[in-house]
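Only one chain is shown below, in structure tokens, and it's the form predicted on its own.
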Amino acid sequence: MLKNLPQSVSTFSGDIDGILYFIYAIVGFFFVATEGYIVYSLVRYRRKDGVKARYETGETWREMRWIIGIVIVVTVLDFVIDSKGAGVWAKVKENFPEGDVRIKVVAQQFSWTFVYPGADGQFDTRDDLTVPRVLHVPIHSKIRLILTSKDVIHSFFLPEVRLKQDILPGRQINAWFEATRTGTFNLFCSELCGLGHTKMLGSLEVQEPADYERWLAETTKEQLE
């Protein structure tokens, strides 16, 4: 496993990591092959006493074979990566489940606000539950997010979940995830949104279902009092 990736805490993060590892492997192979050939050439064709340098004209067809061969290899790899990535893209960005829990995410300079529907199951009603900065969700539940912005372009980024989605003012954008581990995880805005951009931090709190329901009931009661 590569050590530079955050821990994986969602059902689709492993699929995304798989694509990254595949790309790393391809890039690593070409890096080693290219640098290896450069080292070989430096040794093989180094200056030697008593040996004169020889001028050689280029051979168009030989040069073209190298170019065409590399283009074919890169094109095939492109199709392979695209075919692997298309399924993951559809899973994360297109095939949205209905969601066991629906939450509206409101971004604004420079904070996050999370809105949970009340007993009526509808947003923008009096019994909405509004929570700043901390996104509470139950583990092993499909979380449907409705992303909105009050001012400029923001970007909702949960690195451990492998979820990143730009948020545009005037639009409601859907996203989803299902957490597989409990704990507290990072939430960032990854779009430069103003002078206070670096302060736009939040967190994801993944809880056991019973703990989540207890938190939901207690927080709702506090807001109603």
Partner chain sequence: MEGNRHQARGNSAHHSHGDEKFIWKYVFSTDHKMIAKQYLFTGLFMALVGAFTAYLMRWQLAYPNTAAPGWGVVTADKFNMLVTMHGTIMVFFVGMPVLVAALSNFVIPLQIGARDMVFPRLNMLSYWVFVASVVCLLASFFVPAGASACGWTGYPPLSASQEYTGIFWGVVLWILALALEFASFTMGGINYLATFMCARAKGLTYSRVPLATWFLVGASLAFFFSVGPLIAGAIMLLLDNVAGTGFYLPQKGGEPLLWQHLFWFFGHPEVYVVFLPGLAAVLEIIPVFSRKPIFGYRTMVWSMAVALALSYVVWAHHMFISGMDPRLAMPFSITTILISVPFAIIIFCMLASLRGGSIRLATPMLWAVGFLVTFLIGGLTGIFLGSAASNIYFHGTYFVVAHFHYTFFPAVFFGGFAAIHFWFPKMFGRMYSERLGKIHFWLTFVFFNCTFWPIFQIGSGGMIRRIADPSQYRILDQFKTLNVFVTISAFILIAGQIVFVINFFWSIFRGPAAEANPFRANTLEWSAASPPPHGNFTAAPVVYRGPYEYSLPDRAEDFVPQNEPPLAQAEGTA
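No experiment lies behind these values; they were computed from the predicted model shown. Positions refer to the first chain, counted from 1. Whichever C-alpha set is largest while still superposing within 1.5 Å between the two forms counts as the rigid core.
Quick note: we don't show the form predicted together with its partner chain, though the next part is all about it.
Proximity of R181 to its partner chain in the predicted complex: non-hydrogen atoms within 4.5 Å are absent; the residue sits far from the partner. At the 4.5 Å threshold, heavy atoms of V71 reach its partner chain in the predicted complex. Looking at R144, you'd find every heavy atom of it more than 4.5 angstroms from its partner chain in the predicted complex. When contacts are judged by a 4.5 Å heavy atom cut-off, I16 counts as touching its partner chain in the predicted complex. Looking at 156-176, the residues that come within 4.5 Å of its partner chain in the predicted complex, counting any heavy atom, are F157, P159, E160, R162, L163, K164, Q165, D166, L168, P169, G170, R171, I173. Annotation: Cα of R62 displaced by at least 2 Å between the shown form and the other one, core superposition.
Once the cores line up, the CA of V51 ends up 2 angstroms or more apart between the shown form and the other one.
A86 shows a C-alpha shift below 2 Å between the shown form and the other one [criterion: core-superposed Cα displacement of 2 Å].
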